[in-house]
Each structure stands twice: as structure tokens, then as C-alpha cells.
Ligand code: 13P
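Only one chain is included here, represented as C-alpha cells and corresponding to the form predicted alone.
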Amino acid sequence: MRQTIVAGNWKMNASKETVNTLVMGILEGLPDVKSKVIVCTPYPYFSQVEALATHSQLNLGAQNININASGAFTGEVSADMIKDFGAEYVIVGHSERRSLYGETDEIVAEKVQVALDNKLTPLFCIGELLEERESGNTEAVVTRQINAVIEKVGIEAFKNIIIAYEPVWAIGTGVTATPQQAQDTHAFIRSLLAENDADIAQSTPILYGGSMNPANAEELIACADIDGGLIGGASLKSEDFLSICKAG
């Protein structure tokens, strides 16, 4: 039985004041939550979140990782820096990193490997653009993205990877894939993993990441192959985020 996982991606949103209010609000409701809960925060607030979340069930994650251990890479953050604050998770391959910063499937696969090599769990994001869905290429796109990682790290590595399927057309738009659309793609992703290893396919968590909110979370998470959510906007309000966490 796969545990429900809900990960909040704050993106580039936060201040010292809002972080304090948000985290304290989440912590207050956390005892009633059965899901594993992760918050992926902007780097400047790592120390603050680490201090607030000490001795709680709240897990800390990063939003990106550099493939290098150290060096002259201005503005970048290494695996060791992430781990220094007790973070155990890192988002890799988010559609915004792919589209805005030119991260290719190969770069994403390399980041997945660096995360795994450093005992960080990648939240490995995949998903299609609107035109790719409309032209019937959803399965081809997610196959390409997943196979790039399998070729790099092998199927065994998926014992330590969380997949997040995020249809790009549904991110931050308020448009959500229907539960059936999401379930169909999640089932396809699982079948793709099963071509390499049936047991790993069954144990790998696959989260949905496209405008999940308190109104639709329960119906989405109830689908057989949807194991939780990677939450954007709704993760910035503790009440909304907790409502989604409780849906699992």
C-alpha cells in the first residue's frame, strides 16, 4: 500500500513573516494528517523552516539542485547545502525549470542522479504542454521524459524516486485535468515502469501536480494510481494545504 504524499511547492513566494504564519498553521493541523507532508521552500527560508519544523512530521524539500558539488556557479545551490538544513527532498524537472531555464531531459536525468547519489529523494516532474495533449502526444512525452531517467539511473533507482505528473496546461491556470484524465495518465506511467519492473511500478508514488485544490483533492487522490499531490498556489495557505493533506 503506497502512502499518500502531499508536497507544497512555494515557488518564488515568501517572506519571513508569511513563512512563520504558514508553517505554524501547517504544524497546528499536522497531527490530524496521515499523509507524508513536504514543503519545498525558497532557499533563503530553509533555516527558518528547519527551526520551526524541528521534532514535527513536516519534511523539508528544495526546489532545484545544481549537479556540481561546489565551485564557481553563482546563484546555484548544491546537494550538501540542501542537506545542511535537514532537507531530504528536491524537486527536479519542474516544467518551469524546463521551459524558463532550458532544462532538457538529459539535464533533468543528471540532476536526478546527483540527488540520489547524495541521498536526497527527487520529486521528479513530468508532463505535457497543451498542444502536446491536443495533438495526442501525452504518452509519447511522458515516455521520453521517464526513459531519459531510466537510461541514466536504472529502474532500481525508482525505489527512491517520487514521480509528479504535472500537465503543464493545468499548472497555475485553475484548469485541472479531470480525475479520469489524470488517472489514465498515471496508469500509463505505472505501466511504463512495469515494462522494466512490475514490483517497482506498483511501489513508486505518482503525485498529481496541476491545480489540485481543496475542492478537487479528494476525488483526485481517490483514483487508484494517484498517490497525492505536488501543490503550488494552494500550498501558500495553511488551511487549503491542510485540507488537501487530509484528503489522503
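Residue numbers here begin at 1 and follow the sequence given. Everything numeric in this text was worked out from a predicted model, so none of it was measured.
The same protein also exists as the form predicted in complex with 1,3-dihydroxyacetonephosphate (13P); that form is not shown, yet it is the one meant from here on.
Contact between Gly210 and 1,3-dihydroxyacetonephosphate (13P) in the predicted bound form is found at the 4.5 Å heavy atom cutoff. Of the heavy atoms in Ile171, some are within 4.5 Å of 1,3-dihydroxyacetonephosphate (13P) in the predicted bound form. Contact check for Ile231: a non-hydrogen atom falls within 4.5 Å of 1,3-dihydroxyacetonephosphate (13P) in the predicted bound form.
Using a 4.5 angstroms limit between non-hydrogen atoms, Glu166 touches 1,3-dihydroxyacetonephosphate (13P) in the predicted bound form. Listed stretches are 211 to 219, 196 to 204, 29 to 37, 179 to 187; the contact stretch with 1,3-dihydroxyacetonephosphate (13P) in the predicted bound form is 211 to 219, by a heavy atom cutoff of 4.5 Å. For the partner-free chain shown, Asn9, Lys11 of 1 to 20 come within 4.5 angstroms of 1,3-dihydroxyacetonephosphate (13P) in the predicted bound form, judged by any non-hydrogen atom.
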